[in-house]
Every structure is written in C-alpha cells, then in structure tokens.
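The form predicted on its own is given below as one chain in structure tokens.
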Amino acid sequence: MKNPFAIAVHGGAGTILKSTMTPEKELLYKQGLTQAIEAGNALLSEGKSSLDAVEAAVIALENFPLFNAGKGAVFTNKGTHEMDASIMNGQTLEAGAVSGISKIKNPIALARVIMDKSGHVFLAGTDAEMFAQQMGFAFEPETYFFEETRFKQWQEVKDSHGYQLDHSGQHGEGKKFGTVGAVAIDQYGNLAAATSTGGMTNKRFGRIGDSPVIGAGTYANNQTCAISCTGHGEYFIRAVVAYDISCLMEYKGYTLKQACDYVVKDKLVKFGGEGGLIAIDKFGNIELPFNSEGMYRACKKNGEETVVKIYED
C-alpha cells in the first residue's frame, strides 16, 4: 500500500520584520517557496523518491536569487562565494555533504553525487571541485553569482572584522540566517532531507556552519524524522540539533512536535541559539518551528493545498 506523501521547504529564518517587508518582496519570496514545493511535489506525485524530491526542491531554491544559496549566495571577506550543502537518505542513512565550493551552480546536486558515487560522506574545497569536474559538473563564472543587494551588504562590512547574517545591516531587513532546505516523505514511506547555504556575509577563515554537517543542520532516519535547519550555525552545531530531535523521538518516545518544540523553543533559546527548522516524521506529520521573528517556509501534503508562510501567524 502506498503512503501519503508530503514535503516542506524553508528559505531561512531570522529577524524578518513586517515593517521592512514590501508587498512586492513578500510576493517574490512566496513565489520562490511555492516553486520549490511544486518542483518536489511533482516528483513525489509521480512516484519518485523523497531524495529526488528534496534535491529538486533545493535546486529550485538555489536558482532563486533572493535566497542565500546557489545563485543568491553572499560574499565572503575575500569577495568570493563559498557554498555548503548536504543531503541524507532516511532509508539507508547514507549522506553526502560538501563545503567551501565556489563555482558550482547547484551545490545540493554535488552533495547528492558525493553520496551516490564518491564512497565518502563529506568533501571540501578545491578537491571537492576537482571531484565535481570529474563527475561532469558545469562550472559557472563569478558573474553568475553576482547579486547587487548581496554586493552592497558586503561593501558595508568588508573593511571590518564583523560578519553579517544575510539580510542584516542598514539596507537590509534585520538578521536573516540564509539557508535553504527541504524534507519529504515519499509514497514508499522513505524520508529524506537536504540543506544548502551561501554562509555569512564577510565570513573569514573558511568558516563552515551547520548546513553541511550531518546531524547538526541535516538529518534523516526512516524510524523517526527528516530535519533541515536554518539558524546561527555555530549554535546548531554545538547542540547537534537535527540529530537531537531524532534521538528524542527514538529514545524518549517524543512525538515530532514535542521534540521540535523542546529543542527549538527551549533548549536552543537557553544558550542563545536563534533560528528554526523544518521537520517531517514517518507518519507524514510536519512541524515548522522557529524562535526568531520569522522563517520563510512552505509545506504540502498529498492532495492538500500548499501552505506558504513567513511570520508566526
């Protein structure tokens, strides 16, 4: 018997203020989220795997310049782009991750190939790009990743030792943790999760956040749930957020909602971790918790309307 399928996506969380959000910009964000949901849901409805669905959804988000991943990736201290991504198969616990890559259009596609073909889980930097080249990935010129707003954000802080969390600064909309992600369950009851990011504006020293770290920013296990996180990555790594939710379900019998609420709204808050996550369990239940002002998010269950939201309401 086929299971009901479902998918959820996010485009980052943080201080997303209604007071600085124009109706035009809000519409664009929601269009980007809807396109991603539709890309993943179309595959699920055809009987494709949750892995294929989360990859397709994240590719759509990476190609949408308003989100900090792929084309919309922010500038590093050196004026370059360093992107990270990870993907996980809940059926087999196989995973693929990549960090510190520059010219790959869709980092999540490379993470998938690392999982499927490299014999490893996590590759980084120029050697990861060499592997991508061997696998036939096309490399984009720097101009592909140039986005005027991102460039202005970098100009504000590039001569300082500070960094910005995506949309922070006087020209932005408050601090937004720029990550995109997707979680899904397919008709066969298999879970998958995927996450991709362009990191922090003006980041230095090859900084890596939680997005490519399996167990911190991404996790999937058919016995429990699939998780993709967005937030201040250092805290999500220290709290091993994605795996922690799975563990609470596996070892303590928490429901998905109980586990998500405890980790995001209690545990993380107590030591200053801001952000949110999207989660789906083996029954197709979806949770989209966050402890910040807002989170770009959308979800769709088989046969139901797509839900797209930014704020708490």
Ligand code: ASP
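Note that residue numbering begins at 1 and tracks the sequence as displayed. Every value quoted in this text rests on a predicted model; they were computed, and no experiment measured them.
In what follows, reference is made to the form predicted together with aspartic acid, a form of this protein that is not presented.
Exercise for the section: Indicate whether residue 218 is a 4.5 Å heavy atom neighbour of aspartic acid in the predicted bound form. Expected result: No, residue 218 is distant from the partner.
Practice task
Consider residue 96 of the chain shown here, and say whether it contacts aspartic acid in the predicted bound form, taking contact as heavy atoms within 4.5 Å.
Solution key: Taking the distances in the predicted bound form, the answer for residue 96 is no, it never comes within 4.5 Å of aspartic acid.
Problem - Contact flag, residue 72 vs aspartic acid in the predicted bound form, heavy atom cut 4.5 Å - result: No, residue 72 stays farther than 4.5 Å from aspartic acid in the predicted bound form.
Problem - Contact test in the predicted bound form: residue 86 vs aspartic acid, heavy atoms, 4.5 Å - result: Contact check for residue 86: no, nothing within 4.5 Å of aspartic acid in the predicted bound form.
Practice task
Report the stretch among 209-217, 182-190, 86-94, 117-125 that approaches aspartic acid in the predicted bound form to within 4.5 Å, counting heavy atoms only.
Solution key: Residues of 209-217 come within 4.5 Å of the partner.
Practice task
Within 4.5 Å of aspartic acid in the predicted bound form, which residues of 227-243 have a heavy atom? Give them in sequence order, or say none.
Solution key: The stretch touches the partner through 230, 231, 232, 233.
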